[in-house]
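Heads up, the chain below is alone and in the form predicted alone; it's given as structure tokens.
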Amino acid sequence: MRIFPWLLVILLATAAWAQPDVRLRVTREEYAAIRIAIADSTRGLQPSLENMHGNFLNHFNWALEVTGYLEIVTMNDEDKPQAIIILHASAGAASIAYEIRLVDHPSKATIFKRRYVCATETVRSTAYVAADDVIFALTGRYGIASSQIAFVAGKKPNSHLYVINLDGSGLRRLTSLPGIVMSPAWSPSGTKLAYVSYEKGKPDLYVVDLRTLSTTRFLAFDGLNATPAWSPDGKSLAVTLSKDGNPEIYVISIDGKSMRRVTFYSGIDCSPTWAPNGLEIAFTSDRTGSPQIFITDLDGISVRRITHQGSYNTSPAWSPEGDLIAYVSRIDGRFQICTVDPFGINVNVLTEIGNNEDPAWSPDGMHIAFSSTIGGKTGIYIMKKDGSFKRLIVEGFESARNPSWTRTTGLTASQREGS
């Protein structure tokens, strides 16, 4: 049985498709942030609650700004706010109740009014929930402050899988055994992570339950067991397997009772990503002589190529809204993050500096996480889907890479009142 080297399948090594690079035009549509002001009318909190209130405000402001949707201004700024958040806090015995009113400016019409109650241990989560409500009222989308990112860090011969909150808190290392770890993928529920590990000396697929931290060796066929991608309903995984001689895409039910081969080609098919409707899969293939992005139905009958610019395109990631596919393209000798629609139209290059890889969509479908060498070392960045508002999120790790993004169910307000 012919087994392709691991890096050949995941990275589709440059040497295998050495063709001239094509320069792509950088196109970008930047969205103007909504200007908001915060009016804090809180007065006379007892000293023991003053620190809690300050922490709430810090978390609340960060959660509003990290999306890139909103710009916090003052009433005295030359560009007046478009909306005002009127915040009032009242003290309980060991808690604070917040009344938050969102007002349109200058009409003064109330957009929404809601009450939140938090204790010391729920200040951050309550602030994030309140900020999410404000963002939703203004944009129709929830924020990303309560989300989590899984990533891999470390170099050969050992690397490990980590999970961290978007604000940098709550870091957890999920693997401890020696070996290379790759390709984490969140389940739709946010309770499980599939990933690839060499802990047995070859690439096998594992699933860890974040609630119990129990780990299951899910696939261990001969050859490659690689690049897991959960179906939108959470009942199946699309994976790359080479058990039949060359890397192909398969769909396997989580209970292990059914397996379907999706691609049929003598070369390399790998890196599947699901359409949000669960009816199609985008993947990387060398069937045209160089790595390109294709889309197939689940029967493998209707296959179409969607990348036509550049000789090296890989690592597709389908957006939660279904309108875009992010991918990696080699441009002028470096790897850059691009997007294209499912019909192969409207290619946008989102990054320009350094090497940028591993695109992963945010739960709201408006942001992309990616690994980058922008700062000279590999870290995890996020940006809006038009390429603007880039921010370093994960740093201080050796070769942090392979981000996977999910909303967490663990950060919730202790009490939310009103409507």
Partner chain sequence: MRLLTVCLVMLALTVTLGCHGKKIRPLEEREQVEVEKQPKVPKAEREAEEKVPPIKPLEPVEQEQIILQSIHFDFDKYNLTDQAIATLTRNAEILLRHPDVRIVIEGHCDERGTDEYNLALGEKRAMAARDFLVRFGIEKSRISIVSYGEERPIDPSHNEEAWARNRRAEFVIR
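Every value quoted in this text rests on a predicted model; they were computed, and no experiment measured them. Positions refer to the first chain, counted from 1.
This next part talks about the form predicted in complex with its partner chain, which is not shown.
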If we test each of 202, 261, 304, 172 for a heavy atom within 4.5 Å of its partner chain in the model of the complex, the one that passes is 202
Only hit among 164, 210, 182, 96 for heavy atom within 4.5 Å of its partner chain in the model of the complex is 182
Next item on the list: Decide whether residue 401 counts as a contact residue for its partner chain in the model of the complex under a heavy atom distance cut-off of 4.5 Å.
Entry: yes
| query | Does its partner chain come within 4.5 Å of any heavy atom of residue 267 in the model of the complex? | reply | yes
(request) Please check if residue 226 has a heavy atom lying within 4.5 Å of any heavy atom of its partner chain in the model of the complex. (result) yes
* With a 4.5 Å heavy atom cut-off, would you call residue 256 a contact of its partner chain in the model of the complex? -> no
Worksheet item: Even though its partner chain is not shown here, does it sit in the model of the complex so that 242, 291 and 315 each have a heavy atom within 4.5 Å?
Response: yes
Per contact check vs its partner chain in the model of the complex (non-hydrogen atom within 4.5 angstroms), the hit among 139-147, 115-123, 330-338, 81-89 is 330-338
Residues in 273-311 that come within 4.5 Å of its partner chain in the model of the complex by at least one heavy atom, in order, are 284, 286, 289, 291, 311
